[in-house]
Ligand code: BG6
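One chain comes next, on its own, written out as structure tokens in the form predicted alone.
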């Protein structure tokens, strides 16, 4: 659907359709309660800023905006696998959902004056719906069903790979996972016992916390705020920062950008994969709220 067609079909106050980086269509949101952006490429949320606050999401200045590549930063949707494909390394990392052009099927005004967007896409096996609410908080709901005519159950992994902007990663802490064991993916894969302490950062960090429904709170003293990440329909939380050496190896990630971001991802990955049968719908939700 072209820009003018989108504008004609979804004429909502505070919503603008524009051609952005790489010729991609971007939806810009500007209301009294928040501003935001979403690319149809990957249904990718690239900006969220509540009124009176600094930007919440981190975006790399070196991100590729090409239709065959994912966008670096914001909230990529990982589906139907997480990380490399388990049996075919030629397939795209984190699945195909973040490379698809999603269809906008709904746009409306929320009760508090914010804006909701509803998007859809599908493959041979799955039908995906994604609802984003740009309000005082950022709310995202990913729903997965099997395509019509499916006769067998299917498994998948999923993640809302949220990149959060921080003042300095070396000063922040994350609470909420103190009592949860985790899989350490840096170097040799290893299972680690629960630390009993908030997460702090002094090196590359890539952790998968499974069997947890707990919320997380990011404390950022430099920016003078806390960010609360609530979730539902999710049993995994992923925490990631590439630190120095890995940042230098990624072409779409600036060598010095690691200090300003951290990923706290609402997910179902690894042993917490999801299996659904024909006629079932699985829904995963997350809410990101800022407190100054």
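The shown structure was predicted, so the numbers you read here are calculated from the model rather than taken from an experiment. Positions refer to the first chain, counted from 1.
Keep in mind that the form predicted in complex with 6-O-phosphono-beta-D-glucopyranose is missing from the display, and what follows is about it.
Chemist: So, a 4.5 angstroms cut-off on heavy atom distances: do all three of 94, 98 and 163 pass it with respect to 6-O-phosphono-beta-D-glucopyranose in the predicted bound form?
Modeler: Yes, the whole trio is in contact, each within 4.5 Å by some heavy atom.
Chemist: Consider residue 170 of the chain shown here, and say whether it contacts 6-O-phosphono-beta-D-glucopyranose in the predicted bound form, taking contact as heavy atoms within 4.5 Å.
Modeler: Taking the distances in the predicted bound form, the answer for residue 170 is no, it never comes within 4.5 Å of 6-O-phosphono-beta-D-glucopyranose.
Chemist: Taking any heavy atom pair closer than or equal to 4.5 Å as contact, tell me whether residue 118 reaches 6-O-phosphono-beta-D-glucopyranose in the predicted bound form.
Modeler: So residue 118 does not count as contacting 6-O-phosphono-beta-D-glucopyranose.
Chemist: Does the 4.5 Å heavy atom contact test between residue 43 and 6-O-phosphono-beta-D-glucopyranose in the predicted bound form come out positive?
Modeler: Answer no; every heavy atom of residue 43 is more than 4.5 Å from 6-O-phosphono-beta-D-glucopyranose in the predicted bound form.
Chemist: Consider residue 185 of the chain shown here, and say whether it contacts 6-O-phosphono-beta-D-glucopyranose in the predicted bound form, taking contact as heavy atoms within 4.5 Å.
Modeler: Residue-level check for residue 185: yes, a contact with 6-O-phosphono-beta-D-glucopyranose.
Chemist: Quick check for you: of 45 to 53, 219 to 227, 235 to 243, 23 to 31, which stretch puts a non-hydrogen atom within 4.5 Å of 6-O-phosphono-beta-D-glucopyranose in the predicted bound form?
Modeler: Single hit among the candidates: 235 to 243.
Chemist: Just to be sure I understand the contacts: of 134, 82, 130, 102, which is the one whose heavy atoms reach within 4.5 angstroms of 6-O-phosphono-beta-D-glucopyranose in the predicted bound form?
Modeler: When 6-O-phosphono-beta-D-glucopyranose is considered in the predicted bound form, the option within 4.5 Å is 82.
Chemist: From first to last in sequence, which residues of 207 to 222 have any non-hydrogen atom within 4.5 angstroms of 6-O-phosphono-beta-D-glucopyranose in the predicted bound form?
Modeler: The stretch 207 to 222, when checked against 6-O-phosphono-beta-D-glucopyranose in the predicted bound form, contributes no residue at the 4.5 Å heavy-atom cut-off.
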